[in-house]
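Take a look at this one chain, the form predicted on its own, written out in structure tokens.
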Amino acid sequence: MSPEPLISVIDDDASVRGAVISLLRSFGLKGLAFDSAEAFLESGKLASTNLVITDIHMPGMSGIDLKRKLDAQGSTVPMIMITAKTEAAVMERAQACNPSCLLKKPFDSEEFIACVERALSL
């Protein structure tokens, strides 16, 4: 039996973090919550993370900056980016990072889980 995938959820909004973790649990998936990209990086959980779900706009390091940092380190962990912003320039910058999925808040739970399953190749 393969180990349960670990999904790291990074968002500065506690209500979004809680909702995403709850949604993952409802589908039998395990999530760990972080309130910033820096907290995730300092946690040492990158090596055991199978998928990162991150907000784009956060104080400090953005989700886009996190993706670029992980790519520069050679990380192959898939990433789903979520954002409430809809400006074309932001969406273009996010798409240029080649995330597994890019979702606008609020997102449909079925669409979200389809992105998670695709990213994890479930």
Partner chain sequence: MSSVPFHCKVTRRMLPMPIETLLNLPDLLGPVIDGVAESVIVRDLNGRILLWNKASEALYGFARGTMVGRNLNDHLNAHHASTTAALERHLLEQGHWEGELKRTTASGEDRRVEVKWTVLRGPDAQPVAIVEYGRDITRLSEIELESRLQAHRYRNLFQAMAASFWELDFSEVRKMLAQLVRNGVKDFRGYFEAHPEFIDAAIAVTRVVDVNDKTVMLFGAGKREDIIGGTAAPFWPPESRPVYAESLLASINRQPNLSRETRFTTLGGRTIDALFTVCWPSGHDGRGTILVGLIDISDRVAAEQEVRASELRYRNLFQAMSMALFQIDTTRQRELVADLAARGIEDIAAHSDNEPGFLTTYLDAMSIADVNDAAMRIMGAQERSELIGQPLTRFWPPSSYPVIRRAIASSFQQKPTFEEETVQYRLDGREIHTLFTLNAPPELRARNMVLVGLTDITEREAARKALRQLQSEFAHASRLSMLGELTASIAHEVNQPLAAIAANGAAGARWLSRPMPDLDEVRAINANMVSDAKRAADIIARLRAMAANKASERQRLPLNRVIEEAVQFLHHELMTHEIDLRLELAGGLPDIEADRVQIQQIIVNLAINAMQEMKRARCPKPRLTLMTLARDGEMRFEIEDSGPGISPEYQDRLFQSFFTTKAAGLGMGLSICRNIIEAHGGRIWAENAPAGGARFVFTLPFVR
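Numbering follows the first chain given and starts at 1. Remember, it's a predicted structure, so these values are computed and weren't measured experimentally.
Although not depicted, the form predicted in complex with the partner chain is the subject of the following passage.
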Residue among A84, A47, A72, A96 with a heavy atom within 4.5 Å of the partner chain in the predicted complex: A84
Heavy atom of H57 within 4.5 Å of the partner chain in the predicted complex: yes
The partner chain contact in the predicted complex: L103, any heavy atom under 4.5 Å: no
